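Below, in structure tokens: the form predicted on its own, a single chain.
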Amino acid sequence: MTAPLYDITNVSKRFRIGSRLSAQGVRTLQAVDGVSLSIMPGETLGLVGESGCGKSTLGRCLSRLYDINEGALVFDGSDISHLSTRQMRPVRRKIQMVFQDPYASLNPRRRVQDLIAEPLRIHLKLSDAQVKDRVAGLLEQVGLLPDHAARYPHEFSGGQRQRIGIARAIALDPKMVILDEPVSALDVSVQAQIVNLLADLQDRLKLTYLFIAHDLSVVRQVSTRIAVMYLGSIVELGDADQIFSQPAHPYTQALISAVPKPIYAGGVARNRIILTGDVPSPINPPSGCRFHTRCPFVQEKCRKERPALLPLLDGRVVACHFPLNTSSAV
């Protein structure tokens, strides 16, 4: 069997918030809680969940923009969990990130040629002529013109700025790119262009993607497998088609029911599942299963005992004491 490109084991990330001078004092926010994943070479793993569930925090942990509190990160056979800034430098070439807001991630005071050339100068020590040729080639790869290199970020549309971010991410020929909601800030027509660009680059450059998003229709289109996250933990992981056709976790079922489904002649509308209550606070998560406060199938065991992420007969894994009947489609 092929070894995982990225093996994530029991990763947790906590933030200390508040102040000793405040009424509530210093508190701990558990943003990521015991996440384990394996990302295979060449695949696109979709990571989905509601806003605030910890998706972006996990992505930043995997790129080592955040230090983790617990767990292990093994990338390409090497443990990078606690490497220093200097030790991480060669690893940075292999793991790159594309951010949600293409304007906020680009320095508005620098020209595009300087934004893309910076990693080339730091890591590859290229001459000015080589850098100029490389920048022009990268812009063409993402569907922009070489003349665009002399412009500033504010002179581009949102979709063009995201293309610049993608060009910067692939500049060092990485093995893996973490895409943190790369199309959520774009118009629908532009989203399709960016998704097609990412698929084309993956085929040509043999890239591995972690695609973080809350739009399940986009995730289904691009993903090989899907991991569903709720309140800092993975609740279901499996093949994309399998999860969409037969979700095993009630939270996954509710998410999929919210995806618009066109009704053709003779078609059947999808039953919409409305979850009651609010998402619990990651500062004070509920006991037992963290979804039990909103689950329509909750039982007493769910309130007392937290379910482990265990495999089902069909190959996926799910954290639920009473997984749904996987023989029935949603």
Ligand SMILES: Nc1ncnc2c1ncn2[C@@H]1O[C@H](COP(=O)(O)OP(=O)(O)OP(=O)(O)O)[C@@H](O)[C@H]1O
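The shown structure was predicted, so the numbers you read here are calculated from the model rather than taken from an experiment. We number the residues from 1 along the sequence you see.
Beyond the structure shown, there is the form predicted together with the ligand, which is absent from this document and is the topic of what follows.
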* May I ask you to state whether S63 is within 4.5 Å of the ligand in the predicted complex, using heavy atom distances? => no
* Can A31 be called a contact residue for the ligand in the predicted complex at 4.5 Å between heavy atoms? -> yes
* Can you check whether S51 is within 4.5 Å of the ligand in the predicted complex, heavy atom basis? -> yes
* Should I17 be classed as touching the ligand in the predicted complex when contacts are defined as heavy atoms within 4.5 Å? -> yes
* Site test, E43, K175 and G238 vs the ligand in the predicted complex, non-hydrogen atom cutoff 4.5 Å -> no
* Can you name the residues of 55-79 that have a non-hydrogen atom within 4.5 angstroms of the ligand in the predicted complex? -> K55, S56, T57, Y66
